[in-house]
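Before any questions on binding or motion, here is one chain by itself as structure tokens, the form predicted on its own.
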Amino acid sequence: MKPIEWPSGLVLESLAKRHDRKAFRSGETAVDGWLKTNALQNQQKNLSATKAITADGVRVVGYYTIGMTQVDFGDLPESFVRKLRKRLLPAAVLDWLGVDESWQKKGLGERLLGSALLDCRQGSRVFPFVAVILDAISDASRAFYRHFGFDEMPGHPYRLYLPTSQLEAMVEGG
């Protein structure tokens, strides 16, 4: 995976109090609500980490939230867990990803996903995990993630996963 190149004038940084979250509109109420009411508090409590991309250092035009979770051995495909211990398994979680409507259809979502996956890969060096897990909130978001190699968890068509081995291949493959 190549280093992420952000459009001119955009800066990616950890979410902070000074960032204007109230003006953010992605078209998805849950995505907007998370950023406005939960993202900063969860980050301050060390429950997750949110990175915001800003157009002017203040106004958030995109963001993602990542964290850690556990996934039950039985929730993953047999072919994936065949050689793993039968217990709860560590996983990274891509909790949220959103792009303001004014920046949609400009490749920002793909860049944010790439940055989130790079952060997950970097974290895996210290806290190993078996996969990156996410819950798609719509058919469109599910199709977006499937395009980038995420697969459905058995019996849960909107819960997707990307094995760490595939994450490694993506990052190493350039």
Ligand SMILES: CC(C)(COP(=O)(O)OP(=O)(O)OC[C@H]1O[C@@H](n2cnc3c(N)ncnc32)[C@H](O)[C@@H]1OP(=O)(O)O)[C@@H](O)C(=O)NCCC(=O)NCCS
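Because the structure is a prediction, the values reported are computed rather than measured. Start at 1 and count along the sequence shown; that's the residue number.
Missing here is the form predicted in complex with the ligand; even so, the following discussion is about that form.
Shown alone, this chain has one stretch from 23-31, 116-124, 49-57, 36-44 that lies within 4.5 Å of the ligand in the predicted bound form by heavy atoms: 23-31. For G67, no non-hydrogen atom is located within 4.5 Å of the ligand in the predicted bound form, even though that partner is not displayed. Heavy atoms of F144 reach within 4.5 Å of the ligand in the predicted bound form, making it an interface residue. Using a 4.5 Å cutoff between non-hydrogen atoms, A91 does not count as a contact of the ligand in the predicted bound form. Within this chain, P128 is remote from the site of the ligand in the predicted bound form, having no heavy atom within 4.5 Å.
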